[in-house]
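Only one chain is shown below, in structure tokens, and it's the form predicted on its own.
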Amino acid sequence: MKNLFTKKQYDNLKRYLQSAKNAAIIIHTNPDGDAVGSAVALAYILKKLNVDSNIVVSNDFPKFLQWIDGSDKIMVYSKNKHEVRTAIKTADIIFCLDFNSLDRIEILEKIIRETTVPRILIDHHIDPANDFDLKFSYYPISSTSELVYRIGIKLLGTKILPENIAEALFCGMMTDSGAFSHSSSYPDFFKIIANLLDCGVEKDKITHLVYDNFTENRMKLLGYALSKMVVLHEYRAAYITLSREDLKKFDFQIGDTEGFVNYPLSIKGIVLSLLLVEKDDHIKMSLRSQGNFDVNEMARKHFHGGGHFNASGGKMLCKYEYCEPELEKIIKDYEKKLCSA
């Protein structure tokens, strides 16, 4: 398996861990399967190295991920501010997983910046910020969970991981590759998946828990969202908008819109898909593309965001009623790139 990191990086990590008793593991706001899976797995790996840890996130995570062993111990800032502050401020080391800049953790950013302990980044997004003392960053790879796997077997000196760690990592790799449909076209990815199966992972069980475990209201919301879809054939683009009223109508729960942005890409000829969801003070955006259209560049330039070449996130700061005309104006500016993608 290809070595992504140097001996010096691993030696520095081991040195940090030797003097640590407590770690804080931070994951990004609106955590997904990769964030939750990689964090839970890392917590178990650290435990085997005699380092206790607390996993911290600013807001709650989807119910369809709450089967992961150890996810019940994740500390949510919006539910218990004092507990989270204490966990971060008493940590000897801080791990930042699945985000490349501290501004991706919103309310937790200020708390983290006030600490003086080492910050370790484990992430697969482009252009990591200079907010960290040690970086395990490699953007061409499938997921942060894959990086945690590689780091874990290096630290533990084994390829056979306990089943609970393997399940968490499998979930992260599966979800961040779109059930193995993208970001996974290299042999090492499937070698690792095979190793995780050898560790006792039941692929069909996890697939069912993640993809066949939604509420009736979520399915109705999906149908409603698709009925609102706008297709711009002349620009090879499509988008869906959902207002707060729309979400309320279908008793929205965190994670209910997960994957909605992918559906327009199944339309013949469409290479760009966007999902816009109204929040209290902004419009949350998900961007997906096919082929050689770079949504990371689009998100960075226009939507205060970023991510990967074919999958990114961002936000619009206008009022909901103005988001569609503003979006279509931006899409029109990309006509040449979209039509040649």
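Quantities reported herein were computed from a predicted structural model and do not represent experimental measurements. Start at 1 and count along the sequence shown; that's the residue number.
The next section is about a form of this same protein that is not shown, the form predicted together with a small molecule.
By the criterion of a heavy atom within 4.5 Å, H125 is counted among the residues contacting the small molecule in the predicted bound form. Put simply, H308 is close to the small molecule in the predicted bound form: some heavy atom of it is within 4.5 Å. Under a 4.5 angstroms non-hydrogen atom cutoff, the small molecule in the predicted bound form lacks P62 among its neighbouring residues. For the chain shown alone, R236 is not a contact residue for the small molecule in the predicted bound form, no non-hydrogen atom being within 4.5 angstroms. The stretch in contact with the small molecule in the predicted bound form, judged by heavy atoms within 4.5 Å, is 298 to 306, chosen from 39 to 47, 298 to 306, 66 to 74, 53 to 61.
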